[in-house]
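Next up: just one chain, as structure tokens, the form predicted alone.
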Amino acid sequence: MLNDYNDVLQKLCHHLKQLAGAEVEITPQTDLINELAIDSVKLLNLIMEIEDEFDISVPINALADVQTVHELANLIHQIKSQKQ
């Protein structure tokens, strides 16, 4: 279970690095909006990439509570776990 979460976190960080740029350090505590300046368009693009990568569907309303990389990785992990 933890390996699954770590796999999700690693892949998510890879996608975020492409959005934010290589010079930005991304940790589980990184704030998506304040530190990475991810606006709604970038967020939707990121969610589409995540949905393709993990073969899941992320409900838009679930994103309202997501502020950090950890919270987003946790949400993806939960959706993946429910699907199996």
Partner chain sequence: MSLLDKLDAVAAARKALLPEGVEVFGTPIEEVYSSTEARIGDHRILFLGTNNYLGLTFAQECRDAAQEAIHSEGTGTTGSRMANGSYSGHRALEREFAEFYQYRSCIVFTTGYQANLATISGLAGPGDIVLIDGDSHASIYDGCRLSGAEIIRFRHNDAADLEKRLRRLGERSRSTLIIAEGIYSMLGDRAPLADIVKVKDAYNSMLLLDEAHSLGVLGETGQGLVEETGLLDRVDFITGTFSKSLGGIGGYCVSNHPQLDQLRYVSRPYIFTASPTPATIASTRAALRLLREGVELRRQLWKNVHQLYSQLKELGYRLGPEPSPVIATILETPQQALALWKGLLEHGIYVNLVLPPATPEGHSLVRCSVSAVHTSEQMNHVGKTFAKLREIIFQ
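These figures come from a predicted structure and were not determined experimentally. Residue numbers count along the first chain shown, from 1.
Heads up, the form predicted in complex with the partner chain isn't pictured, but that's what we're talking about next.
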Would all three of G21, T27 and E35 be in contact with the partner chain in the model of the complex, where contact means some heavy atom lies within 4.5 Å?
no
Even though the partner isn't displayed, in the model of the complex is E51 close enough to the partner chain, meaning a heavy atom within 4.5 Å?
yes
What residues, if any, in 55-70 have a non-hydrogen atom within 4.5 angstroms of the partner chain in the model of the complex?
D55, I56, S57, V58, P59, I60, N61
